[in-house]
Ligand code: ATP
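Just one chain follows, in the form predicted alone, and it is written as structure tokens.
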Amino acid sequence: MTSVQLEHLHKQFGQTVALDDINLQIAAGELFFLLGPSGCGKTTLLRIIAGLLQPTSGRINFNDRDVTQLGTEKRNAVMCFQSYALWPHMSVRENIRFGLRVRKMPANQQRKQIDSVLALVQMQQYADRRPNELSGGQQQRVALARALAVKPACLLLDEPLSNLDAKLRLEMRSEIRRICKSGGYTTIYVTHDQKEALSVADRIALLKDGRLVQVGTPADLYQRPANSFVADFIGQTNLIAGMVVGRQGDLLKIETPAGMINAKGASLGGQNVVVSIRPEQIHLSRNGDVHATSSKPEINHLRGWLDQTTFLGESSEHVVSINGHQLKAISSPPMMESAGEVGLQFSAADVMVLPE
């Protein structure tokens, strides 16, 4: 297995800075995601790791070997593109064999390796079919098998599920994780889909404008975002500007346009902050419960007006207006309610206090 180290990588196209001082340590066998909005530099970074682009400056190590100046074939970094790029006139088996022939592997070893990766991706029964006889998900498995057959030092996936429908994307997430982890491959995976990253990755690097914003496990980025950009990009959240005006025990008292909000934190009084509250952490109530209050300071209570309810099947999403500020709440199971006054309740422990 291969670890990957990126040291002070910089990439510039003319006057445009695509990547700015990227430093990453990717462990051997890790399933590592590069995540971010369009134009953030994640595909450029993947292509540099693959050897398809040269960095303007910086260094790339595979284990302790400097591969910065080596071509793709010499560093054995294999990239799977969005289009799959399967040969239409070849069978599944022949598509997988292609890279092994290029590497001049003996025929008997080729057969063993092809059978091994076909079993890994669970495509043995389709070995003699051509790509146009396969579904999108099956074609994706073949593209993976072809990449894995050459035993890559590093497997690079560029939005591999983008051509699949929503249901098939869900099915293939767990399959890609199973295939990569069971084979022990160091895998670097580019996507802009937050749920894909959260459900599959060991760790995630979130990029913005060519810079690393935060690196950590999916839980780290979701539960402990470094700033409001991370909180807003990873899942849904409500962001409200406020000011810390006091403290009650271990709770901060934060004055916001939506009302006074208590949160756990260590910020000093008078500091401008942004509070983040995930919609699924907010409990809505109607009728007599709207005006209910609690003497417990660790439970926040707000009142607002329900503007909109959207049925999502297993849950419902609600938009609530409070003093001209809109908050989203998610109810599971769904709560189908018409417009009217509602109470909002959420724990101080679920309020994330972020720098302004």
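Remember, it's a predicted structure, so these values are computed and weren't measured experimentally. Don't overthink the numbering: it's just position in the shown sequence, from 1.
Just so it is clear, the following notes concern the form predicted in complex with adenosine-5'-triphosphate (ATP), a form of the same protein that is not shown.
Stretch 33-41 is the answer when you ask which of 305-313, 64-72, 33-41, 325-333 has residues with heavy atoms within 4.5 Å of adenosine-5'-triphosphate (ATP) in the predicted bound form. For residue 24, no non-hydrogen atom is located within 4.5 Å of adenosine-5'-triphosphate (ATP) in the predicted bound form, even though that partner is not displayed. adenosine-5'-triphosphate (ATP) is not shown here, and in the predicted bound form it never comes within 4.5 Å of any heavy atom of residue 338. Contacts between stretch 1-38 and adenosine-5'-triphosphate (ATP), counted in the predicted bound form as any heavy atom lying within 4.5 Å, involve 13, 16, 18, 37, 38, listed in sequence order.
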